[in-house]
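Quick setup: one chain, the form predicted alone, written in structure tokens, and binding and motion questions come after.
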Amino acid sequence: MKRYERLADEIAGLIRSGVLAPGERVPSVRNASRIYGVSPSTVFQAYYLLEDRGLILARARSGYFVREHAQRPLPEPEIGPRSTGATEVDVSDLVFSVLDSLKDPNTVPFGSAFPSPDLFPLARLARSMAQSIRALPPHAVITDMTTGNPDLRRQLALRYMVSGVMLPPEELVITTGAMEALNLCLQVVTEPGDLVAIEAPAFYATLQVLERLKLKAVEIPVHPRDGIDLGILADRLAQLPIKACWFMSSFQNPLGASLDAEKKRRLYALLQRHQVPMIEDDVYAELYFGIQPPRPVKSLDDEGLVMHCGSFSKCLAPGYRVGWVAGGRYAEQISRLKLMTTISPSVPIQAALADYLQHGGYDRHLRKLRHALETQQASMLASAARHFPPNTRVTRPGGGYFLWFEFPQQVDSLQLFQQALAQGISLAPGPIFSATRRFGNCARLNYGHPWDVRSEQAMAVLGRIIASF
């Protein structure tokens, strides 16, 4: 990262934390140069970058000021603790009805599970594909199917090392997207009828996997900012024969919540005490807005209890369908089960991703992507404050590309979904994120697409529909 980019990230952190409040003047170029020990040109470059990210604006003959995105910021949701026993899962029909709404390209994609493809370096990836196919040894087409491309595994191991996780490339199993990795992990440690601790609300695909494998859900409440309730998890682990935990420790979908370092240590201590494996779904780990990436629970794992799953689908190449799992003590079982099902993701695509990670400027792309997402989050928050009822609540995650809205109690988000869809707007209604069909007055909105006039108009339409309940 260049010096001006580090300076921009440091000032962005001050804005996010509230040290520099909306409307407040940021240090002048001369003062910032003296405070941070950099040249005036470095400060100018940092300020230009912060302008591009929508965090500050210049006022003629007055200097730079923190942008006032929302004059009336909406408060944070209040998801009260609700402890439940084991629940049969039956949500697929409802989920598929929502997913079908996304097939029309003319629909405003607030209900999408992915960022805009316009944010991905698809042309550069295509060059990596061409280069890697020309250089691919003929025998690799067969040998790489079982273990995965060795260059890709090596690049992934290097990225783990940077995040504080030391693991051999042999522990990594390359999969067909993160969903295969998560499915394999769950199948290795459970049998039909077993209990699995999941988040509430949880990503709807989690519920679909449990439904398919005939597993029962034990829902653990998630705080909109701080993550899962460890007190309730401890009680459930002590009282119920839970065979596995499936959690997102950073930028949880749909809330965007993250466990801090201390809560991650306490979570891992619980896993150790009960010897319950954890499937760590960490597909949004690269989409943080701060200076430092969050360290996964896997970084604390000295017993191989954590199966850490990742993917390129959310941050680089959704259609390439390449994910992975660092399987800990279960790596060999996961690898064997994969060979009994899908055998391997595309070998040429694995080689293309390995080439891109080594030569394509992945970290430069990620910085641009994070900046775009942070700007788009601010735009959606500001628009919601303008158009939604004042008693609406919303999360403010420090990464990812989802906002979770809690509307007044009389709002039925399934009806909201249908009425919005009739107006050409998709969203993800709250009940698809719960095995018990909770969160009927909530919805998840995706801010991962460049903000434009159409986005703003869609928010105004949603606001009118919500106000009509």
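Because the structure is predicted, anything quoted here is derived from the model rather than measured. In this text, residue numbers run from 1 along the sequence as written.
This protein has a second form, the form predicted together with a further copy of the same chain, left out of what is shown; the following refers to that one.
Of the residues given (171, 180, 374, 286), 180 alone sits with a heavy atom within 4.5 Å of a further copy of the same chain in the predicted complex. The single contact residue among 339, 291, 261, 162, judged by any heavy atom lying within 4.5 Å of a further copy of the same chain in the predicted complex, is 339. The stretch from 391 to 399, 364 to 372, 228 to 236, 127 to 135 that comes within 4.5 Å of a further copy of the same chain in the predicted complex, counting heavy atoms only, is 127 to 135. Contact annotation: residue 117 falls within 4.5 Å of a further copy of the same chain in the predicted complex, judged by heavy atom distances. Heavy atoms of residue 187 reach within 4.5 Å of a further copy of the same chain in the predicted complex, making it an interface residue. Contact annotation for residue 330: none of its heavy atoms lies within 4.5 Å of a further copy of the same chain in the predicted complex. Contact annotation: residue 74 falls outside 4.5 Å of a further copy of the same chain in the predicted complex, judged by heavy atom distances. Contacts to a further copy of the same chain in the predicted complex (heavy atom within 4.5 Å) from stretch 208 to 238: 208, 209, 212, 214.
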